[in-house]
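The chain below stands alone and is given in structure tokens; this is the form predicted alone.
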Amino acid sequence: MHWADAFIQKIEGPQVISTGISPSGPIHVGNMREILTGDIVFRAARSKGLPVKFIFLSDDIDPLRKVYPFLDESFREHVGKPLYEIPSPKGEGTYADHFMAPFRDSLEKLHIQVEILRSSQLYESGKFYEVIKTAIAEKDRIARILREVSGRELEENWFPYSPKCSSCGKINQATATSFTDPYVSYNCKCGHSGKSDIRKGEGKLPWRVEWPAKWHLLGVTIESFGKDHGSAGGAYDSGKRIVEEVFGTPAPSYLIYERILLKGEGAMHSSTGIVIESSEALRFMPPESLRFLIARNSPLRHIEFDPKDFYLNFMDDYEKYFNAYFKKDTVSDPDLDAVVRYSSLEKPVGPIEPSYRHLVTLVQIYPDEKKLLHGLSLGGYAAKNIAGEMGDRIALVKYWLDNYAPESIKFSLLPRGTEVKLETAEQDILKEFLSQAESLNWTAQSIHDSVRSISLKDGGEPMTAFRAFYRVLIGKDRGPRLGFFLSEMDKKWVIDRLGECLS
């Protein structure tokens, strides 16, 4: 049984599924594991017939913690201020909106039906007023829970509310000194003393208190989060006790997910600059393939994402699943149907033809759109122009080639007349192929079988034969799968080019 179906099988009644991210930097593919895990569970609950709501909380009242690698030094003065009150790195709008805008576009492309809430608005509207008041009244109990769960001592003057200084605008420098409803008095490191109104966005709860307060306030019943929060003594353990013992609400059920690693660099994290933004990934990945990345893997398995060397292998797997769903291939996965359904934007669409890998070859053989249309027509594409879904797929392929493809994948056909030095064995192979070419059925399989048969004569190696063709056609020792490569080109052009080099 698929992991989402297995999880929701034991869930009954109305559900509120929640996820959330602090928009402190680019929202990346690693972050998408949280939102897509929530979305897949949302779909599973809906399929079961449960009344279900899916919400996403943008923690835009969080402070900017440091000058991240993608920021310039002008942002040093804003460290400590709420993200929604800091100017955008591009100069228009706010810092939080700058990073949320491309994320919203990604949600739309991925067909994720989620209600986006902003923590700043929840505070400013007074929705947090009662829970803040309760947290302050129960601060000793909360402090005891945090000490018992985390095993760490809190500061002597710890207070479950961080005032925002009305002078410097920072939300992490003021120390609360007293509370007279609805005001928290404070002294700030900048030298200012003042009062913060807890009915407005003039401060916030600490993270370990805010999370369970959000569960209580929004009625959250299911949440997905990273394993760091789910470890023993982590934020979930303390949040469970706080929401149940202080706010009197049951803790939500949860799914813990592993990280997504960027191959060769480690876990994605905005603060280190090790990221592929979700909006960037969708410039070379079909949305269904990004959903597939999460749907196919159990949340407890870490994912190594490689947009370069092994990306085409990943795309082969994605397409194989969709084609198997439509009985055009086979996959030995009992969860095949569920994986494809949860990977799809709406209902499964397929089979996928031509493949992404095949398009990578085609767009390099035919860089001119008119010739590319001819190349596509050889595979059965009957349209008079390249538009719609095919146009979108080709745009993804071209972007990947321009920005991520390894050099071993890239090629361009050598112009006619280009001289190529060939070894005697390579010349003999090409001569033998030319003697068969005229009568050869010009298909990928026939070409592959012919070249392989020629190469194996007298104990030869297939790679020697393949290399001869690649040298003549693209000036490299390696290239695309040879049978498909040649079958996509005009037969006469190939024969003339080989003969030209041998003469």
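C-alpha atoms forming the largest set that superposes within 1.5 Å between two forms make up the rigid core. Predicted, not measured: the structure shown is a model, and the values here were computed from it. We number the residues from 1 along the sequence you see.
Heads up, the form predicted together with the RNA isn't pictured, but that's what we're talking about next.
257 is the sole member of 322, 257, 186, 292 with a non-hydrogen atom lying within 4.5 angstroms of the RNA in the model of the complex. Residue-level contacts in the model of the complex: of 248, 233, 391, 93, one residue has a heavy atom within 4.5 Å of the RNA, and it is 233. The candidate site formed by 81, 190 and 200 is entirely out of contact with the RNA in the model of the complex, as no residue has a non-hydrogen atom within 4.5 angstroms of it. Shown alone, this chain has one stretch from 337 to 345, 401 to 409, 117 to 125, 240 to 248 that lies within 4.5 Å of the RNA in the model of the complex by heavy atoms: 401 to 409. Proximity of residue 366 to the RNA in the model of the complex: non-hydrogen atoms within 4.5 Å are absent; the residue sits far from the partner.
The shortest heavy atom separation between residue 350 and the RNA in the model of the complex exceeds 4.5 Å. Contact check for residue 178: every heavy atom lies farther than 4.5 Å from the RNA in the model of the complex. The shortest heavy atom separation between residue 228 and the RNA in the model of the complex is within 4.5 Å. Of the residues in 466 to 482, those that come within 4.5 Å of the RNA in the model of the complex through at least one heavy atom are, in sequence order, 466, 467, 470, 478, 479, 480, 481, 482. Once the rigid core is used as the reference frame, the Cα position of residue 489 differs between the shown form and the other one by 2 Å or more. After superposition on the rigid core, the Cα of residue 44 moves by less than 2 Å between the shown form and the other one. Residue 470 is among the residues whose C-alpha shifts by 2 Å or more between the shown form and the other one once the rigid core is aligned.
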